[in-house]
Structures are given as C-alpha cells and as structure tokens.
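Quick heads-up: it's one chain on its own, the form predicted alone, in structure tokens.
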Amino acid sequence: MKPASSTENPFAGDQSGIHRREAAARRVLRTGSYLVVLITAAILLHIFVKGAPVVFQPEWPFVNTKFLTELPATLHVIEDKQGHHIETDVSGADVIKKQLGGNFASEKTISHSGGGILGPIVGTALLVIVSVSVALILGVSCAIYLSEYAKKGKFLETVRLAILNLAGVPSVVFGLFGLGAFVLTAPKFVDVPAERSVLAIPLGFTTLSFEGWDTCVLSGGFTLAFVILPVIITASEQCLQAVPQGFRETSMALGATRWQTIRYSVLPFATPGILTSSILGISRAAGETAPIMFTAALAFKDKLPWQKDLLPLPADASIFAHWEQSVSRFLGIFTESVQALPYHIYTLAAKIPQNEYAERAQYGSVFVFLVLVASLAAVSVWLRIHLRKKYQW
C-alpha cells in the first residue's frame, strides 16, 4: 500500500467529484461572460459599420457637418429617366425638377430622413442637464440623510424599500406620472389662470396656478430625474458609507459640527463614487423614450429651443427692456418642447416606411447617440480618476 503524502489530508476523503463540479461551474461562468462580451461587441460593430459612413466622409473635413449641424427635414429623392437619383430638400426639389424638364421620371419623399440631427442632439443635451442636475441635488441630499443623520429603524427600512420599488417601476409609468404631475398640474406664476387649473392662489401682484408646465424641457427633465433618482441615491449612499468612520470621529473630536464633518471630511472622499452614479444617471436619462414621449419630445420641430419668436422692441427701448427680453429668451429654452435622439430614432424606426434612406438616418442617429453617451461617460470617469488621486486615504 502506497503511503499517503505528507501534504495530503487523510481525513478529506475523495474530492475528485467536487473538483469536477467546481471546474464545470467555472467553465459555464467563463463562457457566459465571454458570450456577453461578444454580443456587446457584435452590436457595437454593427452600429459602427452602418452608422460611421453616415457621420464620416472620405473628403475634408472628414465629418459630415451637414448631418450634425442641420435640423431634421423631409428628404426628396428625384429620379431621372436614366435611373439617376438626386437627393435634396423641399426648397431644392422644384429647382431640380425644372432643370430636368422632360427628363424627370419620379419623386419620392421620406419624412425626417433629410437634413441632420442638430435638433435632437440639443434636445437630448437639455433634458440630460435638467434631469441630472435635479437628480443629483435630491439624490445626494437623500443619501446624506440616510447615511449620516437617519437612525436605524422601521422608517429607514421603509425609505430604502421605497427607493428599491422606485427603481423597478417601468419607464412608461414614469411618463404617465410626469404627464399628470408636471405637464398638467405643476405650479407656476401667471396673470390669469387657465381653465384646467386645479388650484389658483392669488398673491396680489400675480397668481400661483396649478395648471402645469405643458410639454417642455422642464417637464421632461423633472420626469427623467425621478427615473434616475434611485440609482443616484443608492450609489451615493454606498460611497458615503465607504468613507472610514475614523474621518468623522477625528473631525468631530476637533470640534467640528455634524455638517462641517460631512462637508469637509466625508463628501470630498465620496465625490468620485458619486460621479460614477452620475455616469449611470446620464446614460439612463439620455436613453429613455417613454417618459419624454409624454412630457417633452416632438417628432418634428423646425426651430431650436432658443429661436423662439418674440415681439420686436421699439427703437427707443431701454437697456432694462433688452435685458428682460434676453432673460425671457433664456428661460424660454426650458419651456419649449424639443426633439430628442431616442424619440427621433423611435420615429425613424417605427413611423417611417423602411428603405435605404430611412435606415441611413436611423444608424447615423444611433451612432452619434452612442458617441455622445460614451463621451459624457469618459468625461465623468476622467473627473472621478482625477478626484480619486486628489483625495486618497
């Protein structure tokens, strides 16, 4: 009989079956991970192959500036009797048909497939700015309270359960919530309340009327803020709890108040992680379609938000009048309906008959959308790394 090796455990028994099952589980998990990576890479590669030729071109300046700097428009495709196709807009269609004369064969129009996507890009940026700003203020404030002030008990458990439930609500429900809460009943100051006003409170010089903000950037931004709020609260709270307790104890031992401790000894070290949560929030807010469909987005808009028509001022208007008009134009940006890239892509895919021209606009929009989201995420990651190097423990 072969003596047992000194390194073997004589009481371990036969471990060969356990080892085989462990190796099989490891192979299954590794295969699943590789499969996820391959599927993601295949999707990105497909979008790149289809969308990059729309955005880039072989000649200088190597970027299709028309696609990025013009508003969406109806594409007119004119065919002559030799089978040549000429793409133009509504203003150039008549000119080309006159030039062709008897050589004109047919004309086809494709909605939203001409021009560019400047309007959806601007609308998406405004919605993301408003939603992330509101969600960060509310989310970080809530996370600070839950992590630093709230006492353990049923109330704290109820709040955390509500946050988890909020994260599981479908986005279309958020859209209906935003329609009722912000589009139809949100308060605003007016001279004369609308008929649909739920409640009007006279204030002497004006009236606070609960009649909603209509479909605009504010309504869509606040709705998206509630969509991404659970992500930001949860991630921010975990970042705050990750800061060593000794930082708090040392600060308070030196005479600092609770808020001073949070402000100078906790928040700076939690900021890199909070920026990570903002990355997730930006990606989620920029990609939502259902909430903005009810609250902010339009399928077509021929003007940018700041190109609102205002009454011209008289020649002898004062500086205050010019300043007031400038403020009104700026605030009007947030009270205008906008286009958004997710809704624009949905319109091209679901509302427009599929053909090579609509497909080109679809993939070009998706490609630009992915690049914008990736760029925002890259900036946030860079800020997180920079702050993490600055605040180390």
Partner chain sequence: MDSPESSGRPPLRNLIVRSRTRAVPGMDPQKIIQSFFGASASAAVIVLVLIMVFLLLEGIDFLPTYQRELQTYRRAGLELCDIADTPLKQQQALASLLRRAGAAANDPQVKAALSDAEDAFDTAIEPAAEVLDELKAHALETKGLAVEFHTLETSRQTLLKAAASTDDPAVKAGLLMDAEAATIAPVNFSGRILPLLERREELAAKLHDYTAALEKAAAALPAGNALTDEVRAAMPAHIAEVQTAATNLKTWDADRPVSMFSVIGAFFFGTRWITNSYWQDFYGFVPLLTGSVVIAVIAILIATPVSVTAAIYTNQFASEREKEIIKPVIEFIQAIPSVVLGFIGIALVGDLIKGVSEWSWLQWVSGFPIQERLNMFNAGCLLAFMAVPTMFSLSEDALNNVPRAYIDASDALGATKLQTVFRVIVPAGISGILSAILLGLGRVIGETMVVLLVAGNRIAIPDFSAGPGVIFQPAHTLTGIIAQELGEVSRGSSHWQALFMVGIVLFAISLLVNGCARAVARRFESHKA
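Superpose the two forms; the largest set of C-alphas matching within 1.5 Å is the rigid core. From a predicted model like this one, the values you see are computed outputs, not experimental measurements. Positions refer to the first chain, counted from 1.
FYI, the form predicted together with its partner chain isn't displayed, but the following is about it.
Checklist entry - Out of Gly255, Gly83, Gly204, Gly102, which one falls within 4.5 Å of its partner chain in the model of the complex, going by heavy atoms? => result Exactly one listed residue reaches within 4.5 Å, namely Gly255.
Checklist entry - Is it the case that Phe67, Ser380 and Leu383 all touch its partner chain in the model of the complex, with a non-hydrogen atom of each within 4.5 angstroms? => result Heavy-atom distance to its partner chain in the model of the complex: none of the three under 4.5 Å.
Item to check | Residue contact check: Val49 to its partner chain in the model of the complex, 4.5 Å heavy atom | outcome: Close contact is absent here: in the model of the complex, Val49 is far from its partner chain, nothing within 4.5 Å, heavy atoms only.
Checklist entry - Is Ser318 a contact residue for its partner chain in the model of the complex, using a 4.5 Å heavy atom cut-off? => result No, Ser318 sits far enough from its partner chain in the model of the complex that none of its heavy atoms falls within 4.5 Å.
Checklist entry - Any of the heavy atoms of Met293 lying within 4.5 Å of its partner chain in the model of the complex? => result Taking the distances in the model of the complex, the answer for Met293 is yes, it comes within 4.5 Å of its partner chain.
Item to check | Close approach of Pro170 to its partner chain in the model of the complex, 4.5 Å, heavy atom | outcome: Answer yes; at least one heavy atom of Pro170 falls within 4.5 Å of its partner chain in the model of the complex.
Checklist entry - Since the partner is left out here, which residues of 103-142 would have a heavy atom within 4.5 Å of its partner chain in the model of the complex? => result The stretch touches the partner through Leu138, Ser141, Cys142.
Checklist entry - With both forms fit on the core, has Leu331 moved 2 Å or more by CA between this form and the one not shown? => result Moves: no, less than 2 Å.
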